[in-house]
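Just the one chain here, laid out as structure tokens, in the form predicted alone.
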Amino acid sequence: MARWARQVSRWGCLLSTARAAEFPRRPRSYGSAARTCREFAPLALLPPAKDGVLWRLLACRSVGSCPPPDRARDGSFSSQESHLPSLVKYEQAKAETLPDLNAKELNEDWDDIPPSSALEEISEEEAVQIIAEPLLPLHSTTLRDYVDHSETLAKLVHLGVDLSQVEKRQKAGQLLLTLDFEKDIRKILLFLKDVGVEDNQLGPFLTKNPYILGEDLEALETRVAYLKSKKFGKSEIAQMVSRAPYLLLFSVERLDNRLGFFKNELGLSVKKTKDLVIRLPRLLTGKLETVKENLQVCQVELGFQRNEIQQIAYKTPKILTASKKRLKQTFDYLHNIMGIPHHMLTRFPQVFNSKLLRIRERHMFLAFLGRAQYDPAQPSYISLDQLVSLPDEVFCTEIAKASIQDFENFLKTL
């Protein structure tokens, strides 16, 4: 009985589907059960006369009102099972001809459609609409190829880091590609801000020293704590770190050795040693061989005494890291051509930081005017500081007592 009821239900669905396909929007008539059944069932799909009772029953099931089967004009049926084989055969024969508008309702056991295969052929129109992401290069000489694929690099660029300069540093590019911005970099940025590096200086700072991003945060904090223990103030530490980006890469032992070296080699007090490295913090990160060689040049080749070297280095720390060739050429012109004695050079060591061409041009112009007088005991004395530090206009009007046009005309004769 249950099987017969399921068959009747399926025929109801088939009739509803056929009605929707063949007679859309047709107004319904509820005058009689027979008319209603004929209205919704296509003529081509009506069964033979002997199965008419079942068709009436199905149609009435769809409409919801129909006289009992025993009052049908086509005759009564004594057993529902007597017409079941005919109904099943008719369903199998006609099911394929009906529009398959809802496969799920027509066949509840229909398997899901398998996913498209990667080898499935597609049309040219579909192919041109496919946007493929560029492949990440396995090897590259520039970080530019990785910026679009790396959130870390993109955020560093937003901070102002110049990746074209970073990639020139040994293994710096490889380091950045292995770091996660949130996990590895953010804490270093917060540390640098806490030390005193300004927001607008973070990009230039990391451009010069990207290696700090791979340092252990605890080690960095220990090095800052060491500087504080040596009585360096917070603003002084910020100045030193900003001007010497590699400073915090040095361990506490190396920093302590550097401070001890300058204190002992120059014979300076603790306070003067600290002041020296504050004004030129790259003394702590540069090569000590250069410093040693320059100290040797000043003493042996230039003839300065130890106490004079101490004064020169303290007043002008850049002499300790200057080029030996430039140092000797400047001294030769000042001492041998201009006749400046050692004690005068010790008083004004800033002259060694000036370009030799500037010194030569101004000295020759003063000599041409007869005003090249560098002895403080003589009238019209011109100090070395005035010679090299003043702008051209001020130098001409106040020192040379001439016009800027006269100075420019003189330079054309050289």
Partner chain sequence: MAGLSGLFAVYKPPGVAWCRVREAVETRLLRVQGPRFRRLKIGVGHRLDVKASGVFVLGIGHGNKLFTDLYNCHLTKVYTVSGMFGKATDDFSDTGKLIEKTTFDHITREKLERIVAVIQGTNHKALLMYSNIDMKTQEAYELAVKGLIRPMEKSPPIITAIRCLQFALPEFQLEIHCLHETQQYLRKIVHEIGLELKSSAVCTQVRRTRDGVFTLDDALPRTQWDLRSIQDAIRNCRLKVETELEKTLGHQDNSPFHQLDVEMAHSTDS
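Residue numbers count along the first chain shown, from 1. All of these numbers come straight from a predicted model, not from anything done at the bench.
The same protein also has a form predicted together with its partner chain, omitted here; what follows describes it.
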Is there any non-hydrogen atom of Glu361 lying within 4.5 Å of its partner chain in the predicted complex? yes
So in the predicted complex, is its partner chain close enough to Ala377 to count as touching (4.5 Å, heavy atoms)? no
Even though the partner isn't displayed, in the predicted complex is Asp406 close enough to its partner chain, meaning a heavy atom within 4.5 Å? no
Can all three of Asp392, Leu411 and Leu414 be found with a heavy atom no more than 4.5 Å from its partner chain in the predicted complex? yes
